[in-house]
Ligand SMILES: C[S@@+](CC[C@H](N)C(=O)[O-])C[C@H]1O[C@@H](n2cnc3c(N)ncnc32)[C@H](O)[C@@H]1O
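The form predicted alone is given below as one chain in structure tokens.
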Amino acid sequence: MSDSKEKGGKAAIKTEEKKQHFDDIYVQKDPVAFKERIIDALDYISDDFNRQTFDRLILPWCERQAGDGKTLNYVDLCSCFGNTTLAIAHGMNVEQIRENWKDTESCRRVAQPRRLPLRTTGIDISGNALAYGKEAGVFDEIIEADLNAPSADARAAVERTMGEADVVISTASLVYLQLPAIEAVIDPFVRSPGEGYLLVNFLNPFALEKADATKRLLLDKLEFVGSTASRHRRMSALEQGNYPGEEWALLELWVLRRKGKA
């Protein structure tokens, strides 16, 4: 069984076969199934650590920009329904996200306001997840794209948006992308003038060789700022069978910034 996000019923983005797939959740029209089957059933906790890492290493810079009257361009790359944006942009913890997404009615609006002046963009392969994010106010703009094989229009939109970004997050999602796709998406951000920050996650124990290659790619293009180690979620029964003795999927959270722009 391969882990993939699906578009139109056809697998488009794949990861190694030892990792659980959640295809049917990603194509739902709201995040209630995500809440029930991932946040609840698997004790998903990583967005608390994403928010804490952002607050420690990126938030002070964002607050200085806000103090100067700037609205920051914020991109959630492979965003799914935008749970990490709720954590970072709205300052919500996992319990608050859980409550916000408890049913089809409560999830239709974000329970807390944004804590920073941000223009938010979600980029993902799931049109349904993006449509939800736009309707609920998680994202101001959305780009539907298969980043491993984008259309010409999608590629142009992604390049423009990444080139304008001040803050990019990609949390537990680069595992879905091939290395050439990661490079193509990151390069416009790298080339952009001015200071800019990237918060990215690496999963453990899944696809460790690919994670190492991704780290080398990012370190070649960006300046390392800091990192955190944390829990992500409990492994599914499938994953525990494939990794005997392991109970938790873990994360390395990295923050990087454009070289020479601090």
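Fair warning: this is a prediction, and the values are worked out from it, not measured in the lab. Numbering starts at 1 and follows the sequence shown.
One more form of this protein should be noted, the form predicted in complex with this ligand, which is absent from this view; the next part is about it.
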Contact residue in the predicted complex, chosen from A87, V167, L147, M162 - any heavy atom within 4.5 Å of this ligand:
L147
Answer option from I142, A172, I182, C107, heavy atom within 4.5 Å of this ligand in the predicted complex
A172
Please determine whether F34 contacts this ligand in the predicted complex, using a 4.5 Å cut-off between heavy atoms.
yes
Partner contact for F49 in the predicted complex: this ligand, 4.5 angstroms, heavy atom
no
Partner proximity in the predicted complex: C80 to this ligand, non-hydrogen atom cutoff 4.5 Å:
yes
My question is simply whether Y44 lines the interface with this ligand in the predicted complex - judged by any non-hydrogen atom within 4.5 Å.
yes
Since the chain is shown here on its own, which stretch among 123-131, 109-117, 67-75, 188-196 would lie within 4.5 Å of this ligand in the predicted complex, judged by heavy atoms?
123-131
